[in-house]
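Taking the form predicted on its own, here's one chain by itself in structure tokens.
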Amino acid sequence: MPDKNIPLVLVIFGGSGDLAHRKLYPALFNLFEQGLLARNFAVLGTARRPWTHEYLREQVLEAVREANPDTELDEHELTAFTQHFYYQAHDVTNPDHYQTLKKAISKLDQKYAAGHNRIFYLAMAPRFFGTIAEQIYEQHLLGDGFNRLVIEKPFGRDLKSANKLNDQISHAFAEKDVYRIDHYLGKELVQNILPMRLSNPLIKNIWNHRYIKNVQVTLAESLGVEARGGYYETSGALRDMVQNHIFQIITLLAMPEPADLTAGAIHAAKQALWDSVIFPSSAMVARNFTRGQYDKSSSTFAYLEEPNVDPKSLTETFVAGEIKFLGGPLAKVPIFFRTGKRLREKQSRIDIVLQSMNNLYGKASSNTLSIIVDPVMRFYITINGKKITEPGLRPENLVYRFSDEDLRQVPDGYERLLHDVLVEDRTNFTHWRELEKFWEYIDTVEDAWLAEDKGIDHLDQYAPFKMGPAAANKIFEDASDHWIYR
């Protein structure tokens, strides 16, 4: 990370919330410790709760300690860090409260000589995103320095609502100042996709439709919806995971090589890819997509039994599908994806399956390049070698694992992305044009399902701690294909 200290006031809407506690405060402390956060910065947390500055600082202390249970922290540094935190009770729907907030920001700007530089972080329920952006503009909270807006997912729930939200935000902030954050783009092995593709002749020379048979992306979770049934009923696996995390990964795998490594060039390449996406017909959705809900086990509830879930719900907790593009190095190569709750284990991985070839040794397994993003970072290539005691071939894995020293140096995704916001690097954030295409594709699938729902009264149930409904194994175009991770 480059050392570029910039004075600023960071306003966190939702400063008393879980995201701020678990992710933002520990990430900011790590940046502070490394000297990547200017000493003349201030953080102003806002929420409806009647907290004081001192109480917020106690919460920040607790958050940092919880995030570092096995680390001996420098208490002097920790105390110095928390002194930069302030609190303002705030109702985001009340215009008058923004005037109070404006005064608090101005006071901190003057105290810390922050140069009127402001970052507004929306760590709140998505229904407030548009309101906050509009009020920041209308109540004149923007400073004379830079003004940046950081937005958590979900950005809308379909194309229509995303368009409306984008209109509200673009009235107050230019696109270059909007940072739509997706923490998957801060993960080490996700950030490794482009360097791996473009800097290794062994991989770069085969990264095309002549050599790659299919690509598989799996984001599996072992947990159910837990207490989030109300939210999940409005989302489902397709909107919750595919529209953002999975499409971000697929984009990095399939995009054409950018002209250079600037944010502008990378986003231009991403947009070129999505301008070539093949939108599925209803028949394609019926053939190449499947969905289901997790059933109960001796120790777990079925999805339909979870709190705040409609017992007749048709909301999917698992989805598998296929996407293709007409452009990019993987033009017309099928890219399969799946994600779900209550699956066998937490596993985020990418499997690139190479074309089979005729050979003198009989049946050979396809070579596969696998990238394991979570829970243990590693990647490996499956190749064929001879059996030791009998004729024939056997698969062998060439494995690269991160050393303990490597792992200690890997920053948390939020730490990395927050620093990118500070130094105005938009490479790992979602541009509106990309997001617009994401939602257009999701809406196409959702519309096909909506038509299908009129003739069904339930979704396929799948056993907990397996890998989803059996139908997910039948979406492949070639009957000989299968999920690499089974």
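These numbers were taken from a predicted model, which means no experiment stands behind them. Numbering starts at 1 and follows the sequence shown.
The next section is about a form of this same protein that is not shown, the form predicted together with a small molecule.
Student: With the cut-off set at 4.5 Å between non-hydrogen atoms, does Ser348 touch the small molecule in the predicted complex?
Tutor: Ser348: yes, in contact with the small molecule in the predicted complex.
Student: Give a yes or no for Phe336: in the predicted complex, does one of its heavy atoms lie within 4.5 Å of a heavy atom belonging to the small molecule?
Tutor: Because no heavy atom of Phe336 falls inside 4.5 Å of the small molecule in the predicted complex, the answer is no.
Student: Taking the shortest heavy atom distance, is Lys187 within 4.5 Å of the small molecule in the predicted complex?
Tutor: Lys187: yes, in contact with the small molecule in the predicted complex.
Student: Is Glu221 close enough to touch the small molecule in the predicted complex, meaning at least one heavy atom pair within 4.5 Å?
Tutor: Because a heavy atom of Glu221 falls inside 4.5 Å of the small molecule in the predicted complex, the answer is yes.
Student: Only one of 192-200, 135-143, 390-398, 228-236 gets a heavy atom within 4.5 Å of the small molecule in the predicted complex; which is it?
Tutor: Among the candidates, contact is made by 228-236.
Student: Identify, from the list Arg416, Arg180, Lys341, Arg118, the residue with a heavy atom within 4.5 Å of the small molecule in the predicted complex.
Tutor: Partner contact (heavy atom, 4.5 Å) among the options: Lys341.
Student: Tell me, out of Ile212, Leu108, Met241, Ile372, which residue has a non-hydrogen atom within 4.5 angstroms of the small molecule in the predicted complex.
Tutor: Flagged contact: Met241.
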